[in-house]
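Take a look at this single chain, the form predicted alone, given in structure tokens.
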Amino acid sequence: MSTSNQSHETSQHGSIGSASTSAGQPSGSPALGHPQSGARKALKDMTKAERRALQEKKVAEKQDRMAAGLPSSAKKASEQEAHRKVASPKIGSTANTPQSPAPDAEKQAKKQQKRLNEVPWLSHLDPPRKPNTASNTNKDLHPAVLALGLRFAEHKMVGSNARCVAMLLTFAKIIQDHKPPSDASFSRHIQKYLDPHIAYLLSVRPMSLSMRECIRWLKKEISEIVEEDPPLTDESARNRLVERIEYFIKERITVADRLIVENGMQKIQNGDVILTYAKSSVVEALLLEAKRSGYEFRVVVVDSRPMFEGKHLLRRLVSAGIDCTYVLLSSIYVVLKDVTKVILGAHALLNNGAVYSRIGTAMVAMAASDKQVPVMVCCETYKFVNRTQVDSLVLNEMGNPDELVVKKSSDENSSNSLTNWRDVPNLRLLNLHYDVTPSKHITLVVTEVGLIPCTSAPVIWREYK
């Protein structure tokens, strides 16, 4: 096949929806009826500019197919178009036939517009989803899991500790209420019964890293019960699992937070100006305990959109009589000149010593490190994960971008440039929930086992896994 013939054939069959052979296969692949060696020779004879033009044309065709809601592969797109033509009724068969494509076209237009508003290099992250509350699809799930999934999806429950405790307590209730079939034992059937509940929680909102660690621990406990010799009775296995869950919550979360508060008190002195970001339950407990112990200090609460979690922390600290200052993240360098130490919470501590926490934490830690202000991170050992991550893009949770739009309902005449942001070409809003703080910006980590450097994260994980 010569270069001129191939260019003519490409332009002739370049439109979307063509069911011809050239549209159903890549431009550089051999056409039906031609030997493969000839196609390779034609590509070999092309100049560099011609090959680049051919490649750009293939990329443009692929983007057009995706914008039209078709598969990215040319072959799959042609097969889908052919299937539509066969399945669609003939024109004039019914009176309502001309009106039937209208809903499909509108649906495709919405999909195309939504795809244009997505950030293309973060397409591997799951977008925010609404839970499916249809009774027929979730009829086999425990009601407690359905209620918990709604709270997770609507962000009525935030914070890794609160989410882990709520999830474990829900699993304990499922274990107590579960009755295995007559031909199966409880210990061998419970994990199979829990799997769809775990999948449902994962479908309504991505699980936190600490929640994944809790589920891994629970499955390990179930496997140990299965391996018991002699086998445990159903009631004994049920009671043991519930007791182990209660023990985990008490020892690894509740008591661990108390020990973190005791260890963190060693670093608080009179006259300190402590900066914290967003809201962490263990940091809040540490500051309140320091106030009850008679320390005189001041707290700077740094907050950011869209959650404004720092307002809840600010309300609790002010109620306890602590002198507080509230600023937004953009003013971090202004307030750092008086700060003596920074205390932050953590969503998880990675194996390379990096801290995975609420987005904005990395900016606070790097700004404090730039001003030589020590940064302390309070983190329970159950949040130590065997995972290495150097950026915030490989794994993250995407929030609803509409939450970034400030809605001024009180003033109807006020204009907001982001109100109809989805209709603005080339405008995309990105609402990530977490970021990764490199270990070099963390001075020490306060855990229930003591004050440790970030580099000790792998050792602690191996010890307490």
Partner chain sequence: MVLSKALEAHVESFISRLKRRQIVGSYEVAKETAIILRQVVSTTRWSDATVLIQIIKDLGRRLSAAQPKELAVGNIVRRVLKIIKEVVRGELETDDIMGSGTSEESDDGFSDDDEEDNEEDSDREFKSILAQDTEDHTSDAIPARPKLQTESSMFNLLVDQHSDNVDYTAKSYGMKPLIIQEINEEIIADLETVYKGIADQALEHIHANEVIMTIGYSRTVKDFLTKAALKRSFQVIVAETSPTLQGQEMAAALAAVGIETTVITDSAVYAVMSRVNKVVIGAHAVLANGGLVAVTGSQMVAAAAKHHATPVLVCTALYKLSPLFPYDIDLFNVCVTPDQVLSFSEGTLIDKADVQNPYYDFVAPEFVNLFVHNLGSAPPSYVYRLINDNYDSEDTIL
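Residue numbers count along the first chain shown, from 1. Not measured: the values here are computed from a predicted model.
This next part talks about the form predicted in complex with its partner chain, which is not shown.
Non-hydrogen atom contact Pro127 with its partner chain in the model of the complex at 4.5 angstroms: Residue-level check for Pro127: no, no contact with its partner chain.
Test of understanding: in the model of the complex, would Glu251 fall inside 4.5 Å of its partner chain by heavy atoms? The answer is no: Glu251 has no heavy atom within 4.5 Å of its partner chain.
Can you tell me if Leu393 lies within 4.5 angstroms of its partner chain in the model of the complex, counting non-hydrogen atoms only? Yes, Leu393 sits close enough to its partner chain in the model of the complex that at least one of its heavy atoms falls within 4.5 Å.
Is Gly399 close enough to its partner chain in the model of the complex to count, meaning some heavy atom within 4.5 Å? Output for Gly399 is no: heavy atoms all beyond 4.5 Å of its partner chain.
Quick check on this chain: which one of Met207, Leu169, Leu150, Cys324 has a heavy atom within 4.5 Å of its partner chain in the model of the complex? Contact residue from the list: Cys324.
To verify the annotation, which of these, Val165, Ile222, Met366, Ile215, has a non-hydrogen atom within 4.5 Å of its partner chain in the model of the complex? Contact with its partner chain in the model of the complex is made by Met366 alone.
Three residues, Leu314, Val335 and Val406; all within 4.5 Å of its partner chain in the model of the complex via heavy atoms? Heavy-atom distance to its partner chain in the model of the complex: all three under 4.5 Å.
Among 175-183, 153-161, 385-393, 286-294, mark the stretch whose residues have heavy atoms within 4.5 Å of its partner chain in the model of the complex. Only one stretch passes the 4.5 Å heavy-atom test: 385-393.
Heavy atom within 4.5 Å of its partner chain in the model of the complex: which residues of 355-391 meet that condition, in order? Ile359, Gly360, Ala362, Met363, Met366, Asp370, Asp391, in sequence order.
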